[in-house]
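One chain is shown next in structure tokens, namely the form predicted alone.
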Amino acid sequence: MKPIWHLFYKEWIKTRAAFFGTLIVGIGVVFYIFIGVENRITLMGAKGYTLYMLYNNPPVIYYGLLRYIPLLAAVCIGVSQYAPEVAQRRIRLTLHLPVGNRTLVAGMALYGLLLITLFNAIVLALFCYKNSVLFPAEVTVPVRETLLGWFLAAYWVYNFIAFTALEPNRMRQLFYALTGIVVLSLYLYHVPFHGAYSTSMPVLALMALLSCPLVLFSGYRLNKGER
């Protein structure tokens, strides 16, 4: 197990700045959102603002700034983790550690997914806590469902960054990147009402889950010297 912990430590050194930087941005955005919400509640009253938010057409998506925060975290963590490996050919050295290549690639991907999960848990928990203090369940439940769709996008983005970065063939890289961007739009489409992802959540979660093993395929091709 020691080589895996050493691998995790190596990945942490590469990604810690990206993690803490995006975490600070995410927490800052949450506080910024609720400063605006509290100002409107002061002006309109809690009941008046809640009714306005629920029944206004189009709906008031007061949390819209959070749409791209998980995406930002996934991009920063994924790029900081894989760009040095590919650009500086470090991945070749990593694959020569005394551990199976599949285990090493899976360990790198697992580390990234755990870091994104930690980021999502902190930012989402903070938002949901402050949201539950100000609004009733009729607001907090559908808002949480919408946010979960956006936070699931972080897993899809990270997996495709890893999948694309380790692919040795340039044309395949381009195809993978375009495919990832097209599918990503399903996670980030315009929200026409609160709770817009409630019916599609299982499909989005399944897609994010099924994208996790893709990095093993690129890692296998890289290790075999495919072109």
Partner chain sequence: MAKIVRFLLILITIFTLSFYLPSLYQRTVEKRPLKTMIYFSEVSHDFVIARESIDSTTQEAAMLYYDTRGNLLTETEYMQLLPFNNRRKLKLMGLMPDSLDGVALTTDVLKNVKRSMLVADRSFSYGLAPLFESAPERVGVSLPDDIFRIGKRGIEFIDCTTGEILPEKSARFAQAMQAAGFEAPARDIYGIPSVIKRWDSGYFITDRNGRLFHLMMAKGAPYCRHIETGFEIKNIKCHTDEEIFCHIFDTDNRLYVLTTDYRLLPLPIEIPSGRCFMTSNDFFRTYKTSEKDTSILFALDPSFGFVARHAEKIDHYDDTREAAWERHLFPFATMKTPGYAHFIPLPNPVRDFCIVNLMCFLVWAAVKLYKRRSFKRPENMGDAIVILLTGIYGLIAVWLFPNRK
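Numbering follows the first chain given and starts at 1. None of these values were measured; they are calculated from a predicted model.
Below, we turn to the form predicted in complex with its partner chain, even though it does not appear here.
> Are all three residues V183, V203 and R221 in contact with its partner chain in the predicted bound form, where contact means a non-hydrogen atom within 4.5 Å?
Replying inline: Checked in the predicted bound form: all three residues contact its partner chain.
> Is there a non-hydrogen atom of L23 within 4.5 angstroms of a non-hydrogen atom of its partner chain in the predicted bound form?
Replying inline: Because no heavy atom of L23 falls inside 4.5 Å of its partner chain in the predicted bound form, the answer is no.
> So in the predicted bound form, does T15 come within 4.5 Å of its partner chain, heavy atom to heavy atom?
Replying inline: Outside the cut-off, so no.
> Does its partner chain come within 4.5 Å of any heavy atom of K130 in the predicted bound form?
Replying inline: Contact check for K130: no, nothing within 4.5 Å of its partner chain in the predicted bound form.
> Going by a heavy atom distance of 4.5 Å, is K47 a contact of its partner chain in the predicted bound form?
Replying inline: Heavy-atom contact with its partner chain at 4.5 Å: present for K47.
>> If you apply a 4.5 angstroms heavy atom cut-off, which residues in 39 to 65 are near its partner chain in the predicted bound form?
In response: If the 4.5 Å heavy-atom criterion is applied to its partner chain in the predicted bound form, 39 to 65 yields A46, K47, G48, T50, L51, L54, Y55, N57, P59.
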